[in-house]
Ligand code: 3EB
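Quick setup: one chain, the form predicted on its own, written in C-alpha coordinates, and binding and motion questions come after.
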Amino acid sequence: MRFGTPVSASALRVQRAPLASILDPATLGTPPLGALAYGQPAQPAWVSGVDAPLLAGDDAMADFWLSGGRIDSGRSGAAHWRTDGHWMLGSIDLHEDGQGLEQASEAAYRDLFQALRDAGCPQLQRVWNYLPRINEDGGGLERYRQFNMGRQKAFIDAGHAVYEGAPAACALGVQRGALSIRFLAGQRAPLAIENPRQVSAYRYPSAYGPRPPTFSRAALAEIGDGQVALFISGTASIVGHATVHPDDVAEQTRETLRNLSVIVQAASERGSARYELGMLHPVVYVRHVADTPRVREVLAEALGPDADFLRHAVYLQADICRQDLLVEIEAHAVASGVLHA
(Lines give C-alpha, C1' and ligand atoms only; values in the text may rest on other atoms or scores of the structure.)
Protein backbone atom coordinates (compact mmCIF):
# COMPACT_ATOMS: atom_id res chain seq x y z
CA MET A 1 0.00 0.00 0.00
CA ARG A 2 1.33 3.43 -0.92
CA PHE A 3 1.32 6.07 1.80
CA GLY A 4 -1.59 8.43 1.33
CA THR A 5 -3.73 5.71 -0.31
CA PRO A 6 -7.20 5.81 1.33
CA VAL A 7 -8.47 2.97 3.48
CA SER A 8 -12.02 2.61 4.74
CA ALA A 9 -12.96 4.80 7.69
CA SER A 10 -12.87 2.01 10.29
CA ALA A 11 -9.89 0.09 8.88
CA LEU A 12 -6.30 0.02 10.11
CA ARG A 13 -3.17 -0.86 8.17
CA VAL A 14 0.44 -1.27 9.22
CA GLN A 15 3.39 -0.90 6.86
CA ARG A 16 7.11 -1.21 7.64
CA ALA A 17 9.37 1.08 5.68
CA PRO A 18 12.62 3.08 6.03
CA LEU A 19 11.98 6.06 8.25
CA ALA A 20 13.95 8.55 6.15
CA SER A 21 12.11 7.80 2.91
CA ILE A 22 8.66 8.06 4.42
CA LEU A 23 9.37 11.36 6.18
CA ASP A 24 9.73 12.91 2.73
CA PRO A 25 6.47 14.93 2.35
CA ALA A 26 6.21 13.95 -1.32
CA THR A 27 6.10 10.28 -0.32
CA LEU A 28 4.11 10.56 2.86
CA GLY A 29 0.94 12.28 1.71
CA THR A 30 -1.55 12.46 4.58
CA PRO A 31 0.15 11.81 7.95
CA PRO A 32 -0.63 8.33 9.32
CA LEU A 33 -2.42 7.59 12.55
CA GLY A 34 1.05 7.19 13.96
CA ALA A 35 4.37 5.44 13.65
CA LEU A 36 6.82 3.48 15.78
CA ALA A 37 10.38 4.34 14.73
CA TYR A 38 12.99 1.76 15.71
CA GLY A 39 16.43 2.92 16.78
CA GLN A 40 15.42 6.58 16.77
CA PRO A 41 14.05 9.17 19.15
CA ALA A 42 10.74 10.72 18.12
CA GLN A 43 10.77 13.05 15.09
CA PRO A 44 7.43 14.54 14.00
CA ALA A 45 4.76 14.63 16.69
CA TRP A 46 3.03 11.56 15.24
CA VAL A 47 6.22 9.42 15.42
CA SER A 48 7.04 7.56 18.65
CA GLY A 49 10.69 6.59 18.91
CA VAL A 50 12.24 3.40 20.24
CA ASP A 51 15.59 4.69 21.41
CA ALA A 52 17.57 1.44 21.31
CA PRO A 53 20.68 1.12 19.12
CA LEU A 54 20.25 -0.33 15.65
CA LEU A 55 22.59 -3.24 14.92
CA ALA A 56 24.86 -4.02 11.97
CA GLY A 57 24.49 -0.63 10.32
CA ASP A 58 20.83 -1.08 9.43
CA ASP A 59 18.83 1.93 8.30
CA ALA A 60 16.25 3.28 10.72
CA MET A 61 12.92 1.55 10.07
CA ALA A 62 9.42 2.34 11.25
CA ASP A 63 6.02 0.72 11.42
CA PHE A 64 3.50 3.21 10.01
CA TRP A 65 -0.13 2.81 11.06
CA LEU A 66 -2.51 4.05 8.38
CA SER A 67 -6.14 4.98 8.89
CA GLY A 68 -9.01 6.21 6.77
CA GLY A 69 -10.55 8.57 9.28
CA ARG A 70 -9.88 12.11 10.45
CA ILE A 71 -7.08 12.13 13.01
CA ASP A 72 -7.54 13.85 16.36
CA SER A 73 -4.90 14.10 19.04
CA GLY A 74 -4.93 14.54 22.78
CA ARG A 75 -3.07 14.18 26.04
CA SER A 76 -4.03 12.33 29.22
CA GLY A 77 -1.44 13.00 31.91
CA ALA A 78 1.85 11.66 30.53
CA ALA A 79 0.11 9.87 27.65
CA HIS A 80 0.05 11.48 24.21
CA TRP A 81 -2.32 9.88 21.70
CA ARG A 82 -3.86 10.10 18.23
CA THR A 83 -7.16 8.55 17.17
CA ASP A 84 -9.46 8.28 14.18
CA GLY A 85 -12.41 7.34 16.40
CA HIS A 86 -11.93 3.62 15.76
CA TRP A 87 -8.22 3.10 16.57
CA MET A 88 -5.66 4.94 18.62
CA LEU A 89 -1.89 4.97 19.04
CA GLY A 90 -0.34 6.41 22.14
CA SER A 91 3.01 7.00 23.80
CA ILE A 92 4.25 7.67 27.31
CA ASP A 93 7.74 8.79 28.36
CA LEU A 94 7.92 9.12 32.12
CA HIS A 95 11.06 9.78 34.13
CA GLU A 96 11.16 8.12 37.52
CA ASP A 97 12.36 11.28 39.33
CA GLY A 98 13.19 9.37 42.48
CA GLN A 99 9.81 7.69 42.91
CA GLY A 100 10.96 4.18 41.97
CA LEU A 101 10.06 2.08 38.96
CA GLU A 102 7.05 0.37 40.56
CA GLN A 103 5.42 3.70 41.28
CA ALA A 104 6.41 5.14 37.89
CA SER A 105 4.99 2.11 36.08
CA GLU A 106 1.72 2.29 37.98
CA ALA A 107 1.44 6.01 37.22
CA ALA A 108 2.26 5.50 33.54
CA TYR A 109 -0.34 2.77 33.12
CA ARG A 110 -2.90 4.79 35.04
CA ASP A 111 -2.43 7.53 32.43
CA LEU A 112 -2.57 4.92 29.65
CA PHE A 113 -5.98 3.70 30.79
CA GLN A 114 -7.20 7.28 31.14
CA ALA A 115 -6.07 7.88 27.55
CA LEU A 116 -8.15 4.91 26.38
CA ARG A 117 -11.19 6.43 28.07
CA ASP A 118 -10.52 9.93 26.77
CA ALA A 119 -10.01 8.74 23.18
CA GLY A 120 -13.04 6.43 23.26
CA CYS A 121 -10.94 3.38 22.31
CA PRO A 122 -11.30 1.16 25.38
CA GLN A 123 -9.73 -2.10 24.20
CA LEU A 124 -5.97 -2.40 24.52
CA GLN A 125 -4.49 -4.46 21.68
CA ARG A 126 -0.70 -4.24 21.85
CA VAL A 127 1.85 -2.62 24.18
CA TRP A 128 5.59 -2.00 23.82
CA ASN A 129 7.50 -1.31 27.08
CA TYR A 130 11.09 -0.05 27.27
CA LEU A 131 12.64 0.12 30.74
CA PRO A 132 15.96 1.70 31.66
CA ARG A 133 18.33 -0.86 33.25
CA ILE A 134 15.74 -3.64 33.29
CA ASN A 135 17.94 -6.27 35.00
CA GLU A 136 19.49 -4.08 37.68
CA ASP A 137 18.67 -4.34 41.36
CA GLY A 138 16.16 -1.70 42.36
CA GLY A 139 16.69 -1.82 46.10
CA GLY A 140 16.18 -5.50 46.89
CA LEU A 141 14.10 -6.38 43.83
CA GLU A 142 15.02 -6.53 40.15
CA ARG A 143 13.69 -3.55 38.24
CA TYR A 144 11.71 -5.71 35.79
CA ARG A 145 9.90 -7.25 38.74
CA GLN A 146 9.19 -3.79 40.11
CA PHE A 147 7.74 -2.85 36.73
CA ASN A 148 5.49 -5.92 36.77
CA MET A 149 4.15 -4.95 40.18
CA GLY A 150 3.22 -1.44 39.12
CA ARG A 151 1.80 -2.55 35.78
CA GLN A 152 -0.46 -5.24 37.23
CA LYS A 153 -1.77 -2.96 39.97
CA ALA A 154 -2.78 -0.40 37.34
CA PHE A 155 -4.52 -3.10 35.28
CA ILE A 156 -6.48 -4.28 38.32
CA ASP A 157 -7.45 -0.77 39.39
CA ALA A 158 -8.64 0.03 35.85
CA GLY A 159 -10.70 -3.17 35.63
CA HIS A 160 -8.72 -4.54 32.69
CA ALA A 161 -7.88 -8.23 32.25
CA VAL A 162 -4.65 -9.27 33.93
CA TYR A 163 -4.94 -12.97 33.08
CA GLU A 164 -6.92 -14.38 30.15
CA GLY A 165 -7.55 -11.58 27.69
CA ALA A 166 -4.50 -9.48 28.52
CA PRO A 167 -3.00 -7.67 25.51
CA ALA A 168 0.08 -8.70 23.58
CA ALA A 169 3.18 -6.95 24.91
CA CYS A 170 6.94 -6.89 25.17
CA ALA A 171 9.30 -5.41 27.78
CA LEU A 172 12.92 -4.66 26.89
CA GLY A 173 15.77 -2.95 28.64
CA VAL A 174 17.41 0.25 27.40
CA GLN A 175 20.43 1.91 28.93
CA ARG A 176 19.16 5.44 29.39
CA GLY A 177 16.18 7.72 29.34
CA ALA A 178 12.64 7.43 30.62
CA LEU A 179 10.24 4.56 31.07
CA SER A 180 8.79 4.47 27.54
CA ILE A 181 5.47 2.83 26.69
CA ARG A 182 3.86 2.67 23.23
CA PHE A 183 0.34 1.28 22.82
CA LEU A 184 -2.35 0.45 20.29
CA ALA A 185 -6.05 0.33 21.22
CA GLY A 186 -9.36 -0.04 19.44
CA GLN A 187 -13.09 -0.56 19.86
CA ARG A 188 -13.18 -4.37 20.12
CA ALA A 189 -11.24 -6.63 22.43
CA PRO A 190 -8.57 -8.72 20.68
CA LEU A 191 -8.54 -12.50 20.84
CA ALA A 192 -5.70 -13.59 23.11
CA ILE A 193 -3.46 -16.48 22.00
CA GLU A 194 -1.30 -18.63 24.26
CA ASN A 195 1.57 -21.01 23.49
CA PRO A 196 0.98 -24.61 24.61
CA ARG A 197 4.75 -25.08 24.99
CA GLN A 198 4.88 -22.38 27.63
CA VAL A 199 3.22 -21.53 30.90
CA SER A 200 1.21 -18.36 30.33
CA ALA A 201 3.27 -15.43 31.55
CA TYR A 202 0.50 -14.32 33.90
CA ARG A 203 0.64 -17.81 35.51
CA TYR A 204 4.37 -17.76 36.28
CA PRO A 205 5.27 -19.03 39.78
CA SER A 206 6.34 -16.58 42.47
CA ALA A 207 10.02 -17.37 41.83
CA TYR A 208 9.79 -14.83 38.99
CA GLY A 209 8.55 -12.03 41.21
CA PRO A 210 5.74 -10.97 43.56
CA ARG A 211 3.43 -10.26 40.60
CA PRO A 212 3.67 -12.03 37.23
CA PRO A 213 3.93 -10.23 33.89
CA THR A 214 0.63 -9.01 32.45
CA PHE A 215 0.44 -10.04 28.79
CA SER A 216 -0.74 -12.78 26.46
CA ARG A 217 1.67 -14.54 24.11
CA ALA A 218 -0.12 -13.03 21.10
CA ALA A 219 -3.36 -11.34 20.11
CA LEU A 220 -5.56 -11.38 17.01
CA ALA A 221 -7.58 -8.35 15.94
CA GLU A 222 -9.94 -7.80 13.02
CA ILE A 223 -8.69 -4.51 11.59
CA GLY A 224 -11.23 -3.92 8.81
CA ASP A 225 -11.62 -4.65 5.10
CA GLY A 226 -11.50 -8.40 5.80
CA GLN A 227 -8.06 -8.33 7.39
CA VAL A 228 -6.91 -9.86 10.68
CA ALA A 229 -3.73 -8.67 12.41
CA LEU A 230 -1.59 -10.99 14.49
CA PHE A 231 0.43 -9.25 17.21
CA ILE A 232 3.08 -11.55 18.73
CA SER A 233 4.51 -10.58 22.10
CA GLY A 234 8.20 -10.67 22.91
CA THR A 235 9.15 -14.34 22.51
CA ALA A 236 12.31 -16.01 23.79
CA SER A 237 13.96 -19.32 24.62
CA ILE A 238 11.51 -20.40 27.31
CA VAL A 239 9.85 -23.82 27.61
CA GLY A 240 7.29 -24.20 30.37
CA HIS A 241 8.42 -21.28 32.48
CA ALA A 242 12.16 -22.01 32.40
CA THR A 243 14.91 -20.53 30.27
CA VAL A 244 16.55 -23.16 28.07
CA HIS A 245 19.96 -23.10 26.33
CA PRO A 246 21.65 -20.57 28.63
CA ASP A 247 24.85 -19.06 27.20
CA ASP A 248 24.09 -20.37 23.67
CA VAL A 249 22.67 -17.61 21.47
CA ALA A 250 22.30 -19.89 18.43
CA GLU A 251 20.20 -22.46 20.29
CA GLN A 252 18.21 -19.73 22.00
CA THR A 253 17.40 -18.29 18.58
CA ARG A 254 16.29 -21.70 17.30
CA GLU A 255 14.14 -22.27 20.39
CA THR A 256 12.59 -18.85 19.94
CA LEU A 257 11.69 -19.78 16.35
CA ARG A 258 10.07 -22.98 17.59
CA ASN A 259 7.95 -20.94 19.98
CA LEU A 260 7.02 -18.49 17.23
CA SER A 261 6.01 -21.39 14.97
CA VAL A 262 3.66 -22.76 17.63
CA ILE A 263 2.09 -19.33 18.19
CA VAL A 264 1.58 -18.88 14.43
CA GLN A 265 -0.12 -22.28 14.23
CA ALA A 266 -2.31 -21.53 17.25
CA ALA A 267 -3.35 -18.21 15.71
CA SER A 268 -4.23 -19.87 12.39
CA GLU A 269 -6.60 -22.21 14.20
CA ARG A 270 -8.68 -19.35 15.63
CA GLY A 271 -10.20 -18.15 12.36
CA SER A 272 -9.93 -18.29 8.60
CA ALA A 273 -6.81 -16.10 8.41
CA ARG A 274 -3.67 -18.17 7.81
CA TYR A 275 -0.21 -17.23 9.05
CA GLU A 276 3.24 -18.63 8.42
CA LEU A 277 6.50 -18.04 10.24
CA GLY A 278 8.22 -16.66 7.16
CA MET A 279 5.62 -13.93 6.64
CA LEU A 280 6.16 -12.26 10.01
CA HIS A 281 7.62 -8.77 10.27
CA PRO A 282 9.84 -9.12 13.35
CA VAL A 283 11.85 -6.94 15.67
CA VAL A 284 14.85 -8.92 16.90
CA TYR A 285 16.35 -7.75 20.18
CA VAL A 286 19.92 -8.94 20.87
CA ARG A 287 21.54 -8.49 24.26
CA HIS A 288 25.18 -8.56 23.09
CA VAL A 289 26.09 -6.70 19.90
CA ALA A 290 28.73 -9.31 19.04
CA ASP A 291 26.02 -12.01 18.82
CA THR A 292 24.17 -10.27 16.00
CA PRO A 293 25.89 -12.04 13.06
CA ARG A 294 25.20 -15.44 14.61
CA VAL A 295 21.54 -14.59 15.21
CA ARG A 296 21.17 -13.44 11.60
CA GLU A 297 22.87 -16.62 10.38
CA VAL A 298 20.53 -18.90 12.36
CA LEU A 299 17.47 -17.04 11.09
CA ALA A 300 18.64 -17.31 7.49
CA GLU A 301 19.39 -21.02 7.88
CA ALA A 302 15.94 -21.69 9.32
CA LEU A 303 13.83 -19.50 7.04
CA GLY A 304 15.84 -18.93 3.88
CA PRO A 305 17.51 -15.63 3.02
CA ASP A 306 14.59 -14.48 0.84
CA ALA A 307 11.86 -14.90 3.46
CA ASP A 308 9.78 -11.83 4.24
CA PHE A 309 10.83 -12.39 7.85
CA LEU A 310 14.47 -11.67 6.97
CA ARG A 311 13.78 -8.85 4.52
CA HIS A 312 11.62 -6.94 7.01
CA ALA A 313 13.50 -7.73 10.21
CA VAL A 314 14.70 -4.91 12.44
CA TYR A 315 17.63 -5.67 14.78
CA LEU A 316 18.06 -3.68 17.99
CA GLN A 317 20.43 -3.97 20.93
CA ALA A 318 18.45 -4.33 24.15
CA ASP A 319 18.53 -6.18 27.42
CA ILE A 320 15.99 -8.99 27.79
CA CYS A 321 13.68 -9.41 30.79
CA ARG A 322 15.77 -12.29 32.18
CA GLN A 323 19.52 -12.02 32.54
CA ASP A 324 20.06 -15.49 31.03
CA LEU A 325 18.13 -14.64 27.84
CA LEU A 326 20.26 -13.43 24.95
CA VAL A 327 17.68 -12.82 22.22
CA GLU A 328 13.99 -11.97 21.99
CA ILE A 329 11.74 -11.61 18.95
CA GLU A 330 8.39 -9.85 18.64
CA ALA A 331 6.45 -9.63 15.39
CA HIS A 332 3.27 -8.83 13.55
CA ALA A 333 1.54 -10.08 10.41
CA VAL A 334 -1.70 -9.37 8.57
CA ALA A 335 -3.78 -11.89 6.62
CA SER A 336 -7.22 -12.00 5.01
CA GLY A 337 -9.95 -13.73 6.97
CA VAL A 338 -12.28 -13.52 9.96
CA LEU A 339 -12.05 -14.73 13.55
CA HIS A 340 -14.18 -17.60 14.82
CA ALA A 341 -16.88 -16.59 17.28
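Since we're looking at a predicted model, the values are computed, not measured. In this text, residue numbers run from 1 along the sequence as written.
Here the subject shifts to the form predicted in complex with the ligand, a form of this protein not shown in this document.
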May I ask you to choose, among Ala318, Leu12, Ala333, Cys321, the residue with a heavy atom within 4.5 Å of the ligand in the model of the complex? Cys321
Only one of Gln125, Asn148, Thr253, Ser180 has a non-hydrogen atom within 4.5 angstroms of the ligand in the model of the complex; which is it? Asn148
Find out whether any non-hydrogen atom of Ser105 is located within 4.5 angstroms of the ligand in the model of the complex, and reply yes or no. no
Quick one: does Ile238 come within 4.5 Å of the ligand in the model of the complex, counting heavy atoms only? yes
Using a 4.5 angstroms cut-off on non-hydrogen atoms, would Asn129 count as touching the ligand in the model of the complex? yes
Give a yes or no for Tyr204: in the model of the complex, does one of its heavy atoms lie within 4.5 Å of a heavy atom belonging to the ligand? yes
Counting only non-hydrogen atoms, which stretch in 185-193, 110-118, 148-156, 87-95 is within 4.5 Å of the ligand in the model of the complex? 148-156
Looking in the model of the complex, the residues of 213-228 with a heavy atom no more than 4.5 Å from the ligand, listed in order, are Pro213, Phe215, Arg217
